[in-house]
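The chain below stands alone and is given as structure tokens, in the form predicted alone.
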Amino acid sequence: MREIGRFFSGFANRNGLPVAIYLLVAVSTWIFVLVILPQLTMFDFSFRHNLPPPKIGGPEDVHTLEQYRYFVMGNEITGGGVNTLDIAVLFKTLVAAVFVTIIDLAICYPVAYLLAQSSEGSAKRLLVLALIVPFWVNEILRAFAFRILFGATGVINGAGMQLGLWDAPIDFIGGNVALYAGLAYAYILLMIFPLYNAIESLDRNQIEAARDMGASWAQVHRRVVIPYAKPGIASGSTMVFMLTAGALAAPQILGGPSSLWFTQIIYQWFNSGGNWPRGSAYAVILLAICIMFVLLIMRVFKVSIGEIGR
């Protein structure tokens, strides 16, 4: 609290008290009304029975663990069965989110390094512009573009058969190739810019010194650049993982017939299923696992929450 008070006092001295008060009220309102309050409401919903509107608030409207038991046991609560379908979908979603995060990290690290350490002046501005401009297109349109690109009669299959690389169309949709590619592309900027911000502040003299001492480029990156860029790696990985695990539009558009994302189950409970308490419980489970992933990333990379936020 003392650090917050010092920050507010310093900000007020630099920008004036009215601006500081406005910022404090706006940020507090945003955090409480748009973040904390909805989450608390959903958390409370997850411990309720699914009752018709006339019974809500009545004697039957009590807290229960029924929705969480359903996630674990399904309809066979008393028989000791396991809800293997929903648990398997959650596990598959998390594994896919990790896979997409690794893809983005592998693609974005060299791009961010080139942008931060090699490019200068107009070349850097052109590279940044080339990264940003495609994202002016709506996310839904980009997802449909990927479906056209990877479809049975799409550009990739057409080019591959024209070149004689394969004889029949490859089912990129059914194999989830289009889904992984679309998700990786959708959140690629959230990986590039944290990496760029971290690597840009690295003194080039450290890289040159390592090269002068005989270190190979692999050793330079492994011992100099990557350790320095750990906060950017952790920040980018956290954002890509959480947004991928919580994606809904891309899995619905690019997922194959047998593909099911955990967010789609949540959507079904809230809408077609009409069971808001169960949908809330599933959403809380996903949120809790994502938070645990963030804590794991912080421990693996040995960074604090302040370094990730920076």
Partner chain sequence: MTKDITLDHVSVSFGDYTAVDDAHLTIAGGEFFSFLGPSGCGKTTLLRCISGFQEPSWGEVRIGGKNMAGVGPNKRPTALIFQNLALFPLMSVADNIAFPLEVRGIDRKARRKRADELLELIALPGQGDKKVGELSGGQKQRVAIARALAVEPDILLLDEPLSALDLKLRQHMRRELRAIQQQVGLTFIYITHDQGEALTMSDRVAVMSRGKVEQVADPRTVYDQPASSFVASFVGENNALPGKVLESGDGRMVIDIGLAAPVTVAAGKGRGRKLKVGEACHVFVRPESVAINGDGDINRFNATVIREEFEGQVRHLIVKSGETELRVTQVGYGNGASGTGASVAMSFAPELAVPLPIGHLASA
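Numbering follows the first chain given and starts at 1. The structure presented is a predicted model; accordingly, all values stated were derived computationally and were not measured.
Below, we turn to the form predicted together with the partner chain, even though it does not appear here.
Since exactly one of 95, 163, 213, 85 fits, which has a heavy atom within 4.5 Å of the partner chain in the predicted bound form? That would be 213.
Taking the partner chain in the predicted bound form as the reference, which of 72, 102, 170, 209 has a non-hydrogen atom within 4.5 Å? Contact with the partner chain in the predicted bound form is made by 209 alone.
Contact of residue 219 with the partner chain in the predicted bound form (heavy atom, 4.5 Å): Residue 219: yes, in contact with the partner chain in the predicted bound form.
Is residue 201 part of the interface with the partner chain in the predicted bound form - any heavy atom within 4.5 Å? Residue-level check for residue 201: no, no contact with the partner chain.
Any non-hydrogen atom of residue 174 within 4.5 angstroms of the partner chain in the predicted bound form: No - in the predicted bound form, heavy atoms of residue 174 and the partner chain never come within 4.5 Å of each other.
Residue 224: heavy atom within 4.5 Å of the partner chain in the predicted bound form? So residue 224 counts as contacting the partner chain.
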